[in-house]
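Form predicted alone, single chain, as structure tokens, below.
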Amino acid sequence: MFDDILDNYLRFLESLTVEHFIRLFWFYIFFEFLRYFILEFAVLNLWKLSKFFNRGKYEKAKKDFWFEYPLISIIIPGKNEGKHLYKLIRSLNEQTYRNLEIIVVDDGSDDDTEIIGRDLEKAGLIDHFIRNEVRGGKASGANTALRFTKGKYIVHLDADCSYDRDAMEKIIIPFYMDKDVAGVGGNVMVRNYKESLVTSLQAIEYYDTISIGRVVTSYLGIYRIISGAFGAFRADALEQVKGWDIGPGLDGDITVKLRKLGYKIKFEQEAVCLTSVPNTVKKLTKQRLRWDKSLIRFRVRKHKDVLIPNQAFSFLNFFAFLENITYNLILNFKWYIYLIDMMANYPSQLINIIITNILLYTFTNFMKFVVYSLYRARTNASYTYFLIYIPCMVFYFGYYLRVVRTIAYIQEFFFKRSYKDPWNPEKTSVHAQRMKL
């Protein structure tokens, strides 16, 4: 049977003309390869040249930063994060930059977070430990911490992460390169990449899609989400937008709020954070459903005014939203149209078309992984470790994540399911829905 399939496939390849190839694989050519490799690769080269020509400006910004030596307030909101706090605080106390103020907010934990937090405060390892007896959610915890900050810059961290020794220094320098920058995102990498197949695939995704994608969008001026795991903000800008609104999706939301005020948002690839990602399909699905719902809730619904010309209209914000909605929402459903097109018009060749698509995407994934090594800040594992997982990425990206996105979009668009997500307390979600947040 295998020999018959192989023989049939080889005859299929021999019969392909250029026109026929384009007709059968138009989605891959125009919406995947062109956008996610050719254009991305071109922008990465421009970014690399820009870094080379701006190295003097970077060194001056670094000197200005160290000369001013500003207070940086680090806020760490979370629930039941006690087991992570010692490791995180040790990571922060080993930073090359020392003028730090560390504030931990316990958002109604029922583990030993309060005992550990009080001990850290008593030992002088953190500046403030604040406990909310009743859980208010991530935004509530961040805003509580914000009221106690004194720093010129605010860095928002997740408790289950660790940071390179120069991470706090690296994430602040972009503010000194451009006075219009109000937020800087750090480079999040996967710490537990060896834990399971699921974590290994996410590690590759973080290297080649998330990190490289943010380098590209930052260079183009359309970077749209500062990760809550590692993000820095000007304190005065946070005051203008009145802090974080209720999530999920609060990271992208506050980024958009800053952009709408005319501020620039940058990504700093060399400010590295290590995080532990979901280690099972069930946990990952739950996380991605939450992430993907935020596109409908915040891009399509809450901040739809970005797409409407008015006095505060910004072409970059418009383009950022349009690109995000086009490639994550519209083309997600366009793929199903492509699939229906192939099933309706080429049913006898469907197996050959699927095999060729898998080979094309796998080849592209290998090529991206190797070529992008020229542009990554670093990885926390050898490249050869990940090579054996590259063939799985076509199924991870092309099928699993696509189906999860589709479910999330439908749930949020028709049923507003993000307001029922247990990630937030019910009372805050009810308030958010009433206020259309």
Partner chain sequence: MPELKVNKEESTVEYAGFSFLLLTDLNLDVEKVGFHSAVIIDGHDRSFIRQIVRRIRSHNSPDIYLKPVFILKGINIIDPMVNKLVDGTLFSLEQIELIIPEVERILTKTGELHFTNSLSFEAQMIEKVISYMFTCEIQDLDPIPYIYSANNYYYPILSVNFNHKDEHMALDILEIAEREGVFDSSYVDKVYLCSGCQNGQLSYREVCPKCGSSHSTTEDIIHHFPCAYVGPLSDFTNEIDDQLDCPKCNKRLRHIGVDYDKPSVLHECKACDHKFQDFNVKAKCLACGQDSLVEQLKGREIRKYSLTKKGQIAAINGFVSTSKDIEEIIGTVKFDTFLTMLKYEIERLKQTEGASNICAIHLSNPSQLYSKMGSEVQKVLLKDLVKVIRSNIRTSDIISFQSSSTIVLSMNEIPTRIANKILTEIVEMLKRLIATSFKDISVEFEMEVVKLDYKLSPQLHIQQLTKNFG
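Residue numbers count along the first chain shown, from 1. Predicted model, so just to flag it, every value in this text is computed and none were measured.
We do not show the form predicted together with its partner chain, though everything after this point is about it.
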Exercise for review: Mind telling me which stretch in 319-327, 242-250, 355-363, 337-345 gets its heavy atoms within 4.5 Å of its partner chain in the predicted bound form?
Suggested key: 242-250
Check your understanding: Any of the heavy atoms of residue 139 lying within 4.5 Å of its partner chain in the predicted bound form?
Key -> yes
Exercise for review: Report whether the minimum heavy atom distance between residue 235 and its partner chain in the predicted bound form is within 4.5 Å.
Suggested key: no
Exercise for review: Using the partner position in the predicted bound form, report whether residue 427 sits within 4.5 Å of its partner chain, counting heavy atoms only.
Suggested key: yes
Review point. Can residue 147 be called a contact residue for its partner chain in the predicted bound form at 4.5 Å between heavy atoms?
Key: yes
Exercise for review: Would you mind picking the one in 206, 97, 153, 129 that has a heavy atom within 4.5 Å of its partner chain in the predicted bound form?
Suggested key: 129
Practice item. Could you check which residue among 143, 269, 332, 91 gets a heavy atom within 4.5 Å of its partner chain in the predicted bound form? Key: 143
Check your understanding: For the spot marked by 51, 170 and 195, is every residue within 4.5 Å of its partner chain in the predicted bound form through some heavy atom?
Key -> no
